[in-house]
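One chain follows as structure tokens, the form predicted on its own.
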């Protein structure tokens, strides 16, 4: 009898596990792969409550690591990713992105048309804007007079040796090297890239940190006084310490954007569309913008934002500054040249 009783218990337990396993397997999910600190948990919870779709959320810290993983998985494993503009073209070329069905995204109508149909994805066939922003010069006015800083070239001033921060971002760092020499930040000319490297070697002794995780932290801790920093990080830092200022270099700030994209092998494309459409709502986009300090691509979202954010010239540049901004594009095979010199730069003694 005891053996029979134990057998019954085991069969019941197996049945419960099987049923619960089936329920989990049948549960609607969307697998998201995004930058860290880019969509708050409460927003994702609101989506789950509204739709019943569970969000399985993973993060990365660079386009390179995201790309490597998606390529390794051959476009499967994730339903929604957020590549930067210059990686969209690369991933399209490599066949890693599924075409976008805009008919499933009625809230696309809320997007600023000036941010659509860009060179990296004409007609937005594979991507649509998520957040965008600029990178310029951050200065702690407690230590440096902002009036004395007008150009990317000022970062090379020997006075700032050991007090400069730059993003841990190959394209942005080389952008300032290229533009300081009068070249395009999207140059594909090996000689120009080499010349930029030689300029960056001169800057290297002044660089205290390469930081893309949270560059506002060393600014607030006064570890660094000046540097190449995302506008959103400067905006958030300035809220805590008004001495921290943002400067538009006369050559023009760096423009960037992160986009919604669906990997070609995504298992839950319909759920990805539902999440994208939810996040495109102006009120939701405004919540993301307010929390993380980056610009929403939806003009209507500014109606939901506090005045200091909606009218910030860091987050929403003037037309004059917009005209000077150079947005990052894919440099295709030339990235190999960038990567070679990037590795050399990181090992400069």
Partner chain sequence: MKERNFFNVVTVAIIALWLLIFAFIPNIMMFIISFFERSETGFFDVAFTLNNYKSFFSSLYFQVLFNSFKMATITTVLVLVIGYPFAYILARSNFKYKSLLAILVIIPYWTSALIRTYAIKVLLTTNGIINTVLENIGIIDAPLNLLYTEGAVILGLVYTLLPFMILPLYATIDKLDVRYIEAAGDLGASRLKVFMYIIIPLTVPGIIAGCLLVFLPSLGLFYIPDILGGAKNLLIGNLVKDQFLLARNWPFGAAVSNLLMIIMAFMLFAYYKSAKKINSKVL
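Remember, it's a predicted structure, so these values are computed and weren't measured experimentally. Positions refer to the first chain, counted from 1.
From this point on, the text means the form predicted together with the partner chain, which you will not see here.
- Although the partner is absent from this view, residue 87 contacts the partner chain in the predicted bound form, with a non-hydrogen atom inside 4.5 angstroms.
- The closest heavy atom approach of residue 72 to the partner chain in the predicted bound form falls within 4.5 Å.
- At the 4.5 Å threshold, heavy atoms of residue 245 stay clear of the partner chain in the predicted bound form, well away from it.
- The partner chain is not drawn, but in the predicted bound form it has no heavy atom within 4.5 Å of residue 153.
- A heavy atom within 4.5 Å of the partner chain in the predicted bound form is found for exactly one of 94, 101, 267, 194: 94.
- Considering the partner chain in the predicted bound form, the lone stretch of 199 to 207, 250 to 258, 124 to 132, 103 to 111 in range is 199 to 207 [heavy atom distance within 4.5 Å].
- Residues 163, 168, 170 of 141 to 173 are found to place at least one heavy atom within 4.5 Å of the partner chain in the predicted bound form.
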